[in-house]
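Subsequent text provides structure tokens for two forms of one protein chain, presented individually as structure 1 and structure 2.
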Structure 1
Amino acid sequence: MMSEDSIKEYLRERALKATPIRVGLLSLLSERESAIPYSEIQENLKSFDRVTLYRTLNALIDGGIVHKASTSGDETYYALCSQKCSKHCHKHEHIHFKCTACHEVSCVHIEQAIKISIPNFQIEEVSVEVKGVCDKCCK
């Protein structure tokens, strides 16, 4: 949950104009804990043109503020990056979890570092998507 002012500041810090759709998108993403599917974002920002929304998403992904949290399949989900991300370093040390009960997709930090090694392959990036039941739905 970020205030409108801190969102505007955050954008300008990263050399992005603080336009209404950008502020709207970032407040939407910041007021949720989970990632949001494209269709729902569009629904929430339907006063803006769909093309502009796509350009906005891409601009913010480019700027290291937003990332896709796809979870293989149907819809594309979007979530806020940690403040550590930037245009030039856009790495995530978390997994994406899709709950089969509530269907929420969330970014989850895990303790164990995932180390994959394959003989004669050079590993650059590992992404892990997990399905299961989230803590809220478990209890």
Structure 2
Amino acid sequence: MMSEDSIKEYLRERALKATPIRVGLLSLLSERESAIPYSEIQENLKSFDRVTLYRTLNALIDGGIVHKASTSGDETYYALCSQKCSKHCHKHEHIHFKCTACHEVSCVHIEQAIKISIPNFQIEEVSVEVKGVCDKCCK
């Protein structure tokens, strides 16, 4: 979990103002090891209106701080990016694993990057979502 001071410093390093909603959102995301559904973010930050929350999420995505981990049905999950990400390039060397038992979405780092090549196409992003039963639910 990131402290409030470290969140403010991190935002300043990314040339973003440390507004109360940005600090609150990053604090919430840093508390969890898994991605958080938008509905849960809304519930935890209900003192802020939906439009402000939506714009804040997009600003943090554009800033390379947050990414969409999964869109499943009518729910979108969000997670913190790694320090390697920037507003110019999201570098995610992980897959998104959705547990079919507990519905948790996790960013699982992989040992070898997934490389895909399609003739006559320029790939800008690859997103992989794997569904199954997580190790917690298997026990």
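All residue numbers here follow the sequence of structure 1, with the first residue given the number 1. Rigid core here is just the name for the largest C-alpha set that superposes within 1.5 Å across the two forms. Just so you know, these numbers come straight off a predicted model, no measurement behind them.
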{"item": "Between structure 1 and structure 2, the form predicted in complex with the DNA", "value": "1"}
{"item": "Core-aligned C-alpha movement of Ala113 between structure 1 and structure 2 reaching 2 Å", "value": "yes"}
{"item": "Rigid core superposed: Ser72 CA moves 2 Å or more between structure 1 and structure 2", "value": "yes"}
{"item": "Core fit, then Val126 C-alpha moves 2 Å or more between structure 1 and structure 2", "value": "yes"}
